[in-house]
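In structure tokens, one chain follows: the form predicted on its own.
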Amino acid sequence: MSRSGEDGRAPGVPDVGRTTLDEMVDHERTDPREELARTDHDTDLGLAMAEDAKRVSRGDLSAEEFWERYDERAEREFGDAYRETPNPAIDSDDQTIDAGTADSLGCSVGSMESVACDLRAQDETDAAAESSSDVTDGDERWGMVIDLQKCVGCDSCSVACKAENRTPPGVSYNVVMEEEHGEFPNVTRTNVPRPCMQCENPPCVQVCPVSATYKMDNGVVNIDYDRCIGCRYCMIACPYGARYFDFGENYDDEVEEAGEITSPEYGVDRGAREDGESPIGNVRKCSFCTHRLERGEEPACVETCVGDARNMGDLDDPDSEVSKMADSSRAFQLKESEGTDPNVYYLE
């Protein structure tokens, strides 16, 4: 016998409407002017570039017009860091930075793309790939579908992400936004997990003056920590508040030598955290656990979800489970009016 109500919703799951969910996202975001006031860069320039980057995502402004508008101001503000890098255009037919540019990025052991590809050659990668039904073949467009009726608000995804990516205090790639409805004892709760949306039209890519943020063909938006200058313009351009600044803090008071264990992000061994060394002083965000995807594994948040609310797969494969879920009548994207076209879908 079905335990769903007449509207198909599980018992105790409130129907709050998509507008409320979008408002929850806005509540989570940092104040743009306050955030930029903490940097050494031009606050007014950052605010203007961020708003126009969102216009590019919405289709109200072209990428070329954007850089024509800000080229001179960005050059004055960022100097060589700006002049020596290309300006990405998010409306290109291929990935936002071409292969040659990707190969030139400043990652200590190669570009993010080459690092991910090299992981396939590792013995443990091959072993994991052979035993996985979701092995990457390089042609995927990775997407995530989150069933809000199954999310119990346990925060296991947030904890798993912390443990997997070794993120410092103040940096949480996965958060679960919560809102209560009603009055005791008739109370319900809305839980909305929020990773990076991995947008198809990402304003964070458009606004970055040094091409540190770029979108791969597989749909994942990455950050080159060695290229990032920490201006935080991308943080305020993100409509979802999914980016965080690494101030260099550690959990040493809670866990002995916590800062000595390197993060596995992008497959780069950066060693112990040290002041002045990336990713300290950089912007950070969820990458769908790129290092795990390339090993044929699910992101840590998906693997550990106790309610089985998260699903990961290839959105371009019409036979994949996530593709079918994303096409269902229950599926929607957060803040659809922004034009970002996220690769994260929700089921209401």
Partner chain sequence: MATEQSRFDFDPGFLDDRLRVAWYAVLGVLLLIGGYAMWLRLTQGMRSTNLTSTTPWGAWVAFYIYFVGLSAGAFLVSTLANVFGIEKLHRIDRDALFAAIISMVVALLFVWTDLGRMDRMFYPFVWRQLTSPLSWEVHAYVAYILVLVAELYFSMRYDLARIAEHGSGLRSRLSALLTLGRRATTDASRATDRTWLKRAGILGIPLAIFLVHGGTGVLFAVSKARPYWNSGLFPVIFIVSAVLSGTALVMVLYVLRTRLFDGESVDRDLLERLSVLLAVFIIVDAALTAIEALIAVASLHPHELETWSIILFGEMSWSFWWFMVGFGWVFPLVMVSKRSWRRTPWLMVVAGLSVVIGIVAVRFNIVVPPQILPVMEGLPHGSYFPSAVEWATSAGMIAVGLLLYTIGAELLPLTPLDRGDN
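Bear in mind that the values here come from a model prediction, so they are computed numbers and not experimental data. Between two forms, the rigid core is the largest collection of C-alphas that superpose within 1.5 Å. Residue numbers count along the first chain shown, from 1.
Absent from the display: the form predicted in complex with the partner chain. The rest refers to it.
For the chain shown alone, V210 is a contact residue for the partner chain in the predicted complex, at least one non-hydrogen atom being within 4.5 angstroms. The partner chain in the predicted complex is approached by S278, whose closest heavy atom lies within 4.5 angstroms of it.
For A331, no non-hydrogen atom is located within 4.5 Å of the partner chain in the predicted complex, even though that partner is not displayed. Mapping the unseen interface onto this chain, C228 counts among the residues with a heavy atom inside 4.5 Å of the partner chain in the predicted complex. In the predicted complex, the partner chain lies within 4.5 angstroms of at least one heavy atom of each of the following residues of 227-242: R227, C228, I229, G230, C231, R232, Y233, M235, I236, A237, C238, P239, Y240, G241, in sequence order. Here E249 does not count as shifted, since its C-alpha moves by less than 2 Å between this form and the one not shown after the core is aligned.
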